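Only one chain is included here, represented as structure tokens and corresponding to the form predicted on its own.
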């Protein structure tokens, strides 16, 4: 699933991550924030090499939260949520898929770049939380 450019090392890996939502009062939380979507400006995404990439990316992971415990990382690109394709989706619809109140477990398929690329790309990036 990773894209390959001749002369460049292949740096993306596919990960399956299962997050058990945490109950806080009457809410179930995942402990991470997302950015991106087909209705967002892809040039503002520091995690993609291709500045026309309108994918959904993890922008924040709460330390010690459910997503952190499950192994989700900032910069991960979310490809699927519980079998639903997330590659061509609006930001709001991505949030709805992740926060369904009747789903206690969220199974993600993500692609991940090398840590070095994520750190280099994220320098100075700030994104509002959702």
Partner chain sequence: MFGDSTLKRQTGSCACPRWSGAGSTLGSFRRNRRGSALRSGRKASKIDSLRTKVELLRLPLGLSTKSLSQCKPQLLGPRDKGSGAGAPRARALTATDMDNDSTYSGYSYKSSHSRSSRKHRERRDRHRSSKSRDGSSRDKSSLQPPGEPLLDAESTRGEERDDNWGETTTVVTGTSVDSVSQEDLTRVTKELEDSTPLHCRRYLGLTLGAILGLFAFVTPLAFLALPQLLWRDSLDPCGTPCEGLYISLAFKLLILLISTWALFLRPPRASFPRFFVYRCLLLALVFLFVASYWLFYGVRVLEPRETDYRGIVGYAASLVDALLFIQYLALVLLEVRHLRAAFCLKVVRSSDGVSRFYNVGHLSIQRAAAWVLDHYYSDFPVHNPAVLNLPKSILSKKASAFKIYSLGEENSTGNSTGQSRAMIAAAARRRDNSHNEYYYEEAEMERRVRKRKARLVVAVEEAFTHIKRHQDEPTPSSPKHPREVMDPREAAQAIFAPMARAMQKYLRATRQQSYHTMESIINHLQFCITHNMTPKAFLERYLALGPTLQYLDHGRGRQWTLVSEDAVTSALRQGLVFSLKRPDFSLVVSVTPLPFLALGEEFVDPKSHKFVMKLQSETSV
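Numbering follows the first chain given and starts at 1. Bear in mind the structure is a predicted one, so any value in this text is a computation, not a measurement.
As for the form predicted in complex with the partner chain, it is not shown, yet the points below apply to it.
The partner is absent here, but in the model of the complex a heavy atom of 95, alone among 69, 74, 95, 79, sits within 4.5 Å of the partner chain. Put simply, residue 101 is far from the partner chain in the model of the complex: not one heavy atom of it is within 4.5 Å. Using a 4.5 Å cutoff between non-hydrogen atoms, residue 50 does not count as a contact of the partner chain in the model of the complex.
In the model of the complex, the partner chain stays beyond 4.5 Å of every heavy atom belonging to residue 87. At a distance threshold of 4.5 angstroms between non-hydrogen atoms, residue 65 is out of contact with the partner chain in the model of the complex. Residues of 32 to 60 lying near the partner chain in the model of the complex, listed in sequence order, are 32, 33, 34, 35, 36, 40, 41, 42, 44, 45, 59, 60, the criterion being any heavy atom within 4.5 Å.
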